[in-house]
Ligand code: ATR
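As a starting point, one isolated chain is supplied in structure tokens, in the form predicted alone.
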Amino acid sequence: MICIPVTASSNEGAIDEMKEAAKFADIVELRIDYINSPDLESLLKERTKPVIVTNRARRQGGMYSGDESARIGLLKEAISLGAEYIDIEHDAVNEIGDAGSTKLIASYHNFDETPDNLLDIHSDLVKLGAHMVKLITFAKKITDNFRIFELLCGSGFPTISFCMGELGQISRILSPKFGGKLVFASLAKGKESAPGQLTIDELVNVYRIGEVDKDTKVFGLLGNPVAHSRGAYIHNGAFKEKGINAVYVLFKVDDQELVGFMEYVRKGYVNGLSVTIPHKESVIKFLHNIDPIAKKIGAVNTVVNQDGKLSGCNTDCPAAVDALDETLQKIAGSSMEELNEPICGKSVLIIGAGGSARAIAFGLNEKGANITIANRTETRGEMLAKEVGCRCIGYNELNDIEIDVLVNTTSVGMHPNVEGSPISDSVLKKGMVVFDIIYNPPKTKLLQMAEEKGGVVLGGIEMFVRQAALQFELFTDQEAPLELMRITVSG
């Protein structure tokens, strides 16, 4: 079920928000701790959906700062007026007394961490005799979410549980799969009642929260950062189009957390992954199988979980090569049949030496391109060049080489740092093809500079769509709705 908190500061504003929330929510949470002098009788008279009345004190992360007995008195008044639920802190449950027909939710909030003794906390909450318990923590690391999922799976009692904060957003989406009874969503940005709370629009229209159940398969993007990604939009839209019971979320995982996260993947909590910076190479050690192309490249951007056996492949390589092929064909005015290998013999400069650079370098090398690598850390660039069998140059040599195609595989210029460029405009020449694999923004600073110099530009959207379509097919064994995915990303 979906619950939308009402966080207006006046009675009139709260009534308006309740009416709006009732259009989308199964239950509305009336946060009277936000309201100056709440008029409970008027508020409850206007409800059209069941309500949870909450009057949370500041010590519990709420807004109420008055007398404690008066705070409890307002909750008792809500009971006398027939509120369907009240949310009461675990240390104040005994002060409520007889709740009549109103159902109690005994809650525990930890805004600092997800403590080690979750099972003990849950057990203590259950012993309070409420109708439902609510255990909310703050996620300091990605694996905190999976500990909450473990708790939900074994709770055996009606429980609301998820993590707050940016890292906790996945638990807000996935908790229904593991038995969570209620999901909270804000009416709009700026109306959140807790850190990391998603909007009702995001939960319903992006993640299809109403369809998430125990059989929902979980896919997602493994990387850091991930907030810029359009992956959730493109894959969830494709799942909807194809009628597939699956959801795609964003897993922000730092290097130190990768081992723990991959252990939960292996246990079956995640069915498949898209992999991005900085894990395309480091994820390989967790895989049971890797396809020959990805093995040769030494970088994986797709992981599929088959009953605990993790298989990796690389869809960046064919996606990038095909996108560049098509651009060069258009320039030549030829079809694929007339110009079979437009990349063959072209001088290509690749900026970067990470996982994407590896995929593109090996792919273009197979097509007969003459490749040069440039990377700020020259030793890494030299290592890649040695493996590919091409040369590596320093950034101080960029102005001295003649190239037909420039490919940026770094994150320089990616949202939100959109004014950045991996090179100066002096490197760019008229007629040069400039391919930036960044897709957010669609036209990076590098591409803008290239256009001003008379270059032919190729943004990252086409590569992104093609590699995502290949991933979708690996995840689902169904043909990807390519045109829908292209429209979704471009929109």
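All residue numbers are counted from 1 along the displayed sequence. Between two forms, the rigid core is the largest collection of C-alphas that superpose within 1.5 Å. Quantities reported herein were computed from a predicted structural model and do not represent experimental measurements.
There is another form of this protein, the form predicted together with this ligand, and it is not shown here; the text below is about that form.
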key: Contact test in the model of the complex: residue 418 vs this ligand, heavy atoms, 4.5 Å   = no
task = Give a yes/no on whether residue 412 approaches this ligand to within 4.5 Å in the model of the complex, heavy atoms considered.
result = yes
task = With heavy atoms only and a cut-off of 4.5 Å, decide whether residue 229 touches this ligand in the model of the complex.
result = no
message = Quick check on residue 185: any heavy atom within 4.5 Å of this ligand in the model of the complex?
response = no
message = Between 356, 137, 145, 314, only one gets a heavy atom within 4.5 angstroms of this ligand in the model of the complex; which residue is that?
response = 356
inquiry  = I need to confirm a contact call. Of 399, 377, 117, 94, which residue comes within 4.5 Å of this ligand in the model of the complex, counting heavy atoms only?
reply    = 377
remark   = Only one of 302-310, 126-134, 377-385, 156-164 has residues with a heavy atom within 4.5 Å of this ligand in the model of the complex, and that stretch is 377-385
note = When this ligand is considered in the model of the complex, the residues of 387-404 having a heavy atom within 4.5 Å of it are 395
message = Using a rigid core superposition, assess whether residue 420 undergoes a CA shift of 2 Å or more between the shown form and the other one.
response = yes
query = Can a Cα shift of no less than 2 Å be assigned to residue 384 between the shown form and the other one, given superposition on the rigid core?
reply = yes
